[in-house]
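As a starting point, one isolated chain is supplied in structure tokens, in the form predicted on its own.
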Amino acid sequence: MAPEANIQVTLWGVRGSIPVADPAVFRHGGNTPCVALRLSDGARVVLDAGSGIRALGDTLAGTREPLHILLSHLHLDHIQGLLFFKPLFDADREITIWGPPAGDGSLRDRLSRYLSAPLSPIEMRELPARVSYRTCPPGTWRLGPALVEAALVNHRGPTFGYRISEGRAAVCYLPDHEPALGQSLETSEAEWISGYALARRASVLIHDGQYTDSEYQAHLGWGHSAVSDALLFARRAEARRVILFHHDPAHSDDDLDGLCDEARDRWSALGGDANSVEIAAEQRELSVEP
């Protein structure tokens, strides 16, 4: 029997809120969210289109595999790289952009509010590629060999978390998420915890870890997690590996190294393997095994 195919993951942007260009963040990176998944048939699933998507686009020049961009939400740091993504300027390329529903217009219309004059010199309608805009359907749907599940999660504005699985390998992506808002992650029933079903027993959980515990107290309700809450959520969900993501713009590489040490100690105290927790870094590649 042939071995199950793995999902190949590359982190292209790991910073939250705004890009940071500073030598103090070069090791972990200053680009805003973008994660690329390569499926067993060669298809690409791109999670968010922050400034990190620009470098991803450079690697895709001349390729023709199916390309799907799944937007978690439409805050600027998650879409600001779209008009710098080279495949969108390739007239021979077909691209599908997916996103959460909203009552104030189609996905294309909502994106065009940002990606048009006077905020942009290029209009969405001018893009040469053949682009389709689709609202994610409820429940689970198939993209090539993968199953995709989307669900609304705790963040300001309509925001989706995603679970992408192929065979028994599953990646859960919750980049902007505040699961502890208004409830106890220790005592709440699992089905009432935001994002729990998406993260349940994920092979890899990419989760918001923007704040230290002390910083979080001044940012309750902003839609982001303290590191300790992210880890407790991951433990409740029984995720196998955890990648802390969406780094605060003010956190330097040294700050993040310190957070990583603290996170591994906390994870061990929760009964996990310290080596299964890491701080996201740009251009980190990993193979997600079943």
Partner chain sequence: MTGSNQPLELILARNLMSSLAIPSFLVDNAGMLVFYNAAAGELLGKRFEEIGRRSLAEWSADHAPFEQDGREIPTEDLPFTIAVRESRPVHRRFQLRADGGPPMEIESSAVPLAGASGCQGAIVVFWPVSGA
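Quantities reported herein were computed from a predicted structural model and do not represent experimental measurements. Numbering follows the first chain given and starts at 1.
In what follows, reference is made to the form predicted in complex with its partner chain, a form of this protein that is not presented.
Of the candidates P128, G182, P145, G105, G182 is the one whose heavy atoms come within 4.5 Å of its partner chain in the predicted complex; the others do not. Listed residues P87, G195, G99, G81 were compared with its partner chain in the predicted complex; G195 is the one with a heavy atom within 4.5 Å. The partner is not drawn, yet in the predicted complex one stretch among 90 to 98, 216 to 224, 70 to 78, 147 to 155 has residues with heavy atoms inside 4.5 Å of its partner chain: 147 to 155. Using a 4.5 angstroms threshold between heavy atoms, I122 stays clear of its partner chain in the predicted complex.
Using a 4.5 Å cutoff between non-hydrogen atoms, E191 counts as a contact of its partner chain in the predicted complex.
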